[in-house]
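Consider the single chain below, provided in structure tokens and representing the form predicted on its own.
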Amino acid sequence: MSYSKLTHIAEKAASKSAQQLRKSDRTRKAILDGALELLWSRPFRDLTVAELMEVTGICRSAFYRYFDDLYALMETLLLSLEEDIFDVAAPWFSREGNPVDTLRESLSGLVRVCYEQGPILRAVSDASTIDDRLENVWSSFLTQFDDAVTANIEAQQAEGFIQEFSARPVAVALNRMDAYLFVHAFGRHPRQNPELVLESVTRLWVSTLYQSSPITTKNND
């Protein structure tokens, strides 16, 4: 067989493999999107694989090609949400620019993401009380934000932007406040007004971290 013929066969096989991969990605995304749709109107404990796959229009057996069970599905959704949250929180964590302005920008992105995907937070928070895996995933999810916020507070304390206090307890308190508020404000339809939620969390974060900051004092002059 000629080299050109072999190349053609290889390219055709690669194209077919790519198409199958894209189809696989679409199927997996359809399952994840279907789960989010159902969670808007019902608690996680009422979700079933059969109902989920009926919503997606995909055969039930396809579910188990991607997820061991519904708990694994929820873990995947939470990890995806975690990535989205860190992406929108990047301005404040980058420590570039005015810290108060970047905090406001990050909180705005955080509220937007949680407004769009609130049922994931609610479902994992609820399910973590009955499933050890999700309890660990939920705990790890919160702890990562505790670590990141603690480190950023300490860095900005060293730079003189935030007054001296024990950073970790404050970081934990702010993060738990956010988690509780977002679960209850955005976890079900009808959702609360995101602008009012944003105003509340921004007021609490800014007043807690920057009330006595030279930046805040200067801005108020």
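Position 1 is the first residue in the sequence shown; the rest follow in order. Owing to the predicted nature of the structure, the values given are computational and were not obtained by experimental measurement.
Note that the form predicted in complex with a further copy of the same chain isn't included here; everything after this is about it.
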Contact residue in the predicted complex, from 96, 87, 135, 147 (heavy atom within 4.5 Å of a further copy of the same chain): 135
One residue of 164, 69, 33, 51 in contact with a further copy of the same chain, assessed in the predicted complex (non-hydrogen atom, 4.5 angstroms): 164
Heavy atom contact within 4.5 Å of a further copy of the same chain in the predicted complex, the stretch among 118-126, 74-82, 96-104, 147-155: 118-126
Residue 22 within 4.5 Å of a further copy of the same chain in the predicted complex, heavy atoms: no
Touches a further copy of the same chain in the predicted complex: residue 180 (any heavy atom, 4.5 Å): yes
Close approach of residue 176 to a further copy of the same chain in the predicted complex, 4.5 Å, heavy atom: yes
is_contact(residue 188, a further copy of the same chain) in the predicted complex, heavy atom dist at most 4.5 Å: yes
